[in-house]
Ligand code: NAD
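One chain follows as structure tokens, the form predicted alone.
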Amino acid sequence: MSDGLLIVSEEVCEKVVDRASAFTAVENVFAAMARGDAYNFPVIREAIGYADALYGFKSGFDKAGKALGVKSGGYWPGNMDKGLTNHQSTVFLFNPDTGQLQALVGGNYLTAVRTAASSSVSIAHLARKDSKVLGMVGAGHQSQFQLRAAAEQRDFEKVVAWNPHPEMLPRLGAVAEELGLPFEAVEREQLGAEADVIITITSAFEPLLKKEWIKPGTHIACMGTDTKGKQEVAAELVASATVFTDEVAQSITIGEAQHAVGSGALAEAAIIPIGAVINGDHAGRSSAEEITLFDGTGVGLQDLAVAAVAARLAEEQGLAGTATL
């Protein structure tokens, strides 16, 4: 990477980082985490008492990929009314040999694409090969990224979707149509009865899916819970599934598993890092009837991995700005 400070804008990130490169970066960093070659630092995430915003820092070091840095940002719920993305963030990459700042990388697009890559990795490794119906719970900004990424992992024949605000569903339906997939807005019970793979991508603080609605063999990727108190599915559903996650420490404290573990219904030791499946140390799905659940809490190393790819490709293609400190 250049000796100068690289500036990689949101626009450039969208040009250079596609779904395939994001998938590979996230899969590799999950594998490195499971091997002990990469680790996340404790997350700081707080309500700032202004604009109803959540703000914080995610940081870590990937020794295998030589990515050191921090993502700073959060969630501003009023941004959509201003024509802005609710999630706002920037990634700072540092030279692990010297500690010097190497790159400033826009984090909004990368957050969406790495979150979609994370659920996509879980689908690739855990969903039944014959999965035909994709269920989407949530229709916000990130849901479109989730749908596009998931559609590449299995030969889905239909998309069923539910959102707390149904008027937002047509935008998701347009993406499904673009992908050549029939789309139907349904109630949650029907979604659970039909879907072979379910992605939840909301900011809910209450369970949106119940255990009794989910059929055997379903794979669920819970991607919205990343803060203490948030919840997308019933704790009973989590406890009844085989649970995989990006990082166990986050899963039990700020992830979907926090409620099941807190109630004693699920043991921390029962939660499996997805990297163990990627590395071949865990078999993953054990039967066609097993319900698997991926608790995608969103770790800083995901952000660093895709930001490092963005910085490298932007520099190689002459699209990065430069500055000196």
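Note that residue numbering follows the sequence shown and begins at 1. Computed from a prediction, not measured in an experiment: that's the story for all the values here.
The form predicted together with ligand NAD is left out here; the points below concern that form.
Mark Q258 yes when one of its heavy atoms lies within 4.5 Å of a heavy atom of ligand NAD in the predicted bound form, and no otherwise.
Judged by the heavy-atom cut-off of 4.5 Å, Q258 is well away from ligand NAD in the predicted bound form.
Can any non-hydrogen atom of D196 be found within 4.5 angstroms of ligand NAD in the predicted bound form?
D196: no contact with ligand NAD in the predicted bound form.
Using 4.5 Å between non-hydrogen atoms, is L134 touching ligand NAD in the predicted bound form?
The answer is no: L134 has no heavy atom within 4.5 Å of ligand NAD.
Using heavy atoms and a 4.5 Å limit, would one call Y75 a contact residue for ligand NAD in the predicted bound form?
Yes, Y75 is a contact residue.
Could you check which residue among G284, G65, G298, P273 gets a heavy atom within 4.5 Å of ligand NAD in the predicted bound form?
Result of the distance check: G298.
Pick from S251, T218, S120, T111: which has a non-hydrogen atom within 4.5 Å of ligand NAD in the predicted bound form?
None of the others qualify; the residue that does is T111.
Would you mind picking out the stretch of 153-161, 177-185, 78-86, 209-217 that comes within 4.5 angstroms of ligand NAD in the predicted bound form, counting non-hydrogen atoms?
Contact criterion met by 78-86 only.
Pull the contact list for 220-246: residues with a heavy atom within 4.5 Å of ligand NAD in the predicted bound form, in sequence order.
Read in sequence order, the residues that approach ligand NAD (within 4.5 Å, in the predicted bound form) are M223, G224, D226, K230.
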